[in-house]
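Just one chain is shown here, as structure tokens, and it is the form predicted on its own.
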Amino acid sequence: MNDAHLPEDPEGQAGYLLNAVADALAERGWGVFPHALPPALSHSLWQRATTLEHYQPAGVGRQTRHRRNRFVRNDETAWIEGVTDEEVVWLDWAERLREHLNRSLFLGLTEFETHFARYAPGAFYARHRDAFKGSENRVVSLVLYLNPAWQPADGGQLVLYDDRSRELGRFEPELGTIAVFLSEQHPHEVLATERPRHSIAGWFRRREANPMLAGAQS
């Protein structure tokens, strides 16, 4: 991967996106940015996602409470550890975003975890939160979608809700689109997909202040 990179210029595309994400989180707690990443990087990550062989059935909960529940979700995941060029670029960009959010919003984010997600036709993820209120573990959720030429009839939309479970919008998982939201405040779901659907999910975290609460997160 020789050209799948983000601009180094802080006033260029990369800097603009970092500022837009911070502004959206500060103003309303969420944002969706179509075609946010450079096409070369998005396509490289899509190729990686569609050729991986070590996906595992996804579960809910963390640590000792982690379990499979196909009534809640039936996607598959594969953790990203930076073993390929495109994974390294993704992790580097996420690190730049973490630092920017800490400088701009004083969130105290210390860690980032991320994985590929694969949804077979018919797969879904029921409405849920990424963190329980007061857990102070997962703080900001980040999703990158990896699906070229996605159509509304293909299903698989992200449905985002506010803190009172009022629907904020339905968003197509189109290649290069990024969604970001405060993990405690915004329930969300993935509607059943009609075709294979790929994405990257990630969470910016603070160090666990209470392991008992951390173990209850989804």
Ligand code: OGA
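For every residue, the number given is its place in the sequence shown, counted from 1. The model shown is predicted, which means the values in this text are computed figures rather than measured ones.
The following text describes the form predicted in complex with the ligand, which does not appear among the structures shown.
Proximity to the ligand in the model of the complex, defined as a heavy atom within 4.5 Å, holds among A123, V140, V143, L101 only for V143. Checked against the ligand in the model of the complex, the residues L158, L37, V180, L175 give one hit for a heavy atom within 4.5 Å, which is L158. Of the heavy atoms in L41, none are within 4.5 Å of the ligand in the model of the complex. The ligand in the model of the complex is not approached by A49, whose heavy atoms all lie more than 4.5 angstroms from it. Proximity of E86 to the ligand in the model of the complex falls outside the 4.5 Å heavy atom cutoff. Contact annotation for A22: none of its heavy atoms lies within 4.5 Å of the ligand in the model of the complex.
Just one listed stretch, out of 189-197, 161-169, 41-49, 28-36, contacts the ligand in the model of the complex at the 4.5 Å heavy atom level, and that stretch is 189-197.
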